[in-house]
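What follows is one chain in structure tokens, specifically the form predicted on its own.
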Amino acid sequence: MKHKIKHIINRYRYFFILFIAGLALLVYDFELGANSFRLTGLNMLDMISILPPTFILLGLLDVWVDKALMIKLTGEGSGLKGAVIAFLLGSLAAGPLYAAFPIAAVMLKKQSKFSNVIIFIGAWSTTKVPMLMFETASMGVKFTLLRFFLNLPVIILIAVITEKMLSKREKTEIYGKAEKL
């Protein structure tokens, strides 16, 4: 029992540290501390409204998309086609960035090429269609297109460099962790 409590405290240590810091802020400046807890609650409600549908879609993706198909489309031998599919999956997605990581884990579990998973995350974070539409309305077409076309090579460069920097052992470890999810 003692080991289990220690494990829980260790696993959620950052939560406990931030909670204690929030309590200290509440004592120091009640209005600021109360506002901090209110915003934290609103963020948690936002996450609760997004994560269940994300996990349902993940379950469907895991069951409906065959591993062999995922390897063919985005796996090691997929080449440019795999990168384009990963980019489109990320760009056509909806939702906050934290929803991309469980999907990336399923892609790893289904043996997508590591650089394609990074491209997917990069596209999700910088080139989502809803974000581009908002940006066009706010900043103009010229700015949006310039930023979009500057991001493309950077996303690819980050993916290639990240994959090359990781050793075979490190990649095997990452794929192994995804397999356990």
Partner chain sequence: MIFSIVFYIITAVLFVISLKKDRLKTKAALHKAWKSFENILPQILTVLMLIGIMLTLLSPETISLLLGKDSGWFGVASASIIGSVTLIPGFIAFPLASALLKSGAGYMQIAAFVSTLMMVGVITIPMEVKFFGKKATLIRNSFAFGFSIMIAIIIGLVLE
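Positions refer to the first chain, counted from 1. Keep in mind it's a predicted model, so treat the numbers as computed, not measured.
This protein has a second form, the form predicted in complex with the partner chain, left out of what is shown; the following refers to that one.
Contact check for Leu69: no non-hydrogen atom falls within 4.5 Å of the partner chain in the model of the complex. The shortest heavy atom separation between Pro102 and the partner chain in the model of the complex is within 4.5 Å. With a 4.5 Å cutoff on heavy atoms, Lys6 does not count as touching the partner chain in the model of the complex; it lies far away. At least one heavy atom of Leu108 is located within 4.5 Å of the partner chain in the model of the complex.
Taking the partner chain as positioned in the model of the complex, the residues of 157 to 181 that bring a heavy atom within 4.5 Å of it are, in sequence order, Leu157, Ile158, Ile161, Thr162, Met165, Leu166, Glu170, Ile174, Lys177, Leu181.
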